[in-house]
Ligand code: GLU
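Just the one chain here, the form predicted alone, laid out as structure tokens.
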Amino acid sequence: MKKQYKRVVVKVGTSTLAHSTGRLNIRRVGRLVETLSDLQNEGYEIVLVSSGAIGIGAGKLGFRERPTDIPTRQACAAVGQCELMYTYDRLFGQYNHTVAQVLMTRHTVEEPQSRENAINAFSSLLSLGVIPVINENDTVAIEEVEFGDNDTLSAIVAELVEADLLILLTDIDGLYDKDPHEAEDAKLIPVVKWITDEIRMLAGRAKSKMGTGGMVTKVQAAERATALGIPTVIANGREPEILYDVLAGKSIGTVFLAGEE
């Protein structure tokens, strides 16, 4: 990636934000916020799509795994979203940055007037130097209006805010030519120029106990974003400072190129 980026959407998954217990990984979230705050200070416009509400709520309520029934998931989301936003507000505030909570459902982007309202709201927030923190509104979302995963949501948000780059932080280094959990000789694919059926098959179906996505939804998000001219990077969020390297153009994770790149 050689071009300079200004507006960057960063999506962080539950497996990155939380311990296996479901409880918030306070140290990692702190480092993520510090890095994003520094990048904002540097002149980037940061938009954060953050998973974690259901997983953190489940952990706080004593569940060992993500609940499967809708009412319990909604309850976990309501509890977890409070803790998530309280944490972001407190940590970003330490660096004099203001955050705004934006909760969305599919209705938000599919109904024309609602979509236009969302675009205007994002535009206003970014012009004011606010960092939007976006999540699916899991407390009220049902199957008919839910995105189903925040990878998809992040690609949609990247479109709405006309982002220059989408970064998906996860618990794996990127897309491999084999499942790295099963094959010791699996090799990271550093660059994907075109998303073919072979690439889609490599994505597999794995997901974490507390999360909803997996590599397959990340590749789908990359496909959606790159089709709109927005390059996408899948990288390991274990070390949030990796964002500096991504934006510096270093070979990190898997880069999905867009258009003429």
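Quick caveat, the model's predicted, so the values are computed rather than measured. The first residue of the sequence shown is number 1, and the count goes up from there.
Absent from the display: the form predicted in complex with the ligand. The rest refers to it.
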Any of the heavy atoms of N135 lying within 4.5 Å of the ligand in the model of the complex?
-> yes
Applying a 4.5 Å heavy atom distance criterion, does R31 contact the ligand in the model of the complex?
-> no
Would I54 show up as a contact with the ligand in the model of the complex if we use heavy atoms at 4.5 Å?
-> yes
Using heavy atoms and a 4.5 Å limit, would one call N150 a contact residue for the ligand in the model of the complex?
-> yes
Among 189 to 197, 54 to 62, 231 to 239, 35 to 43, which stretch has residues whose heavy atoms lie within 4.5 Å of the ligand in the model of the complex?
-> 54 to 62
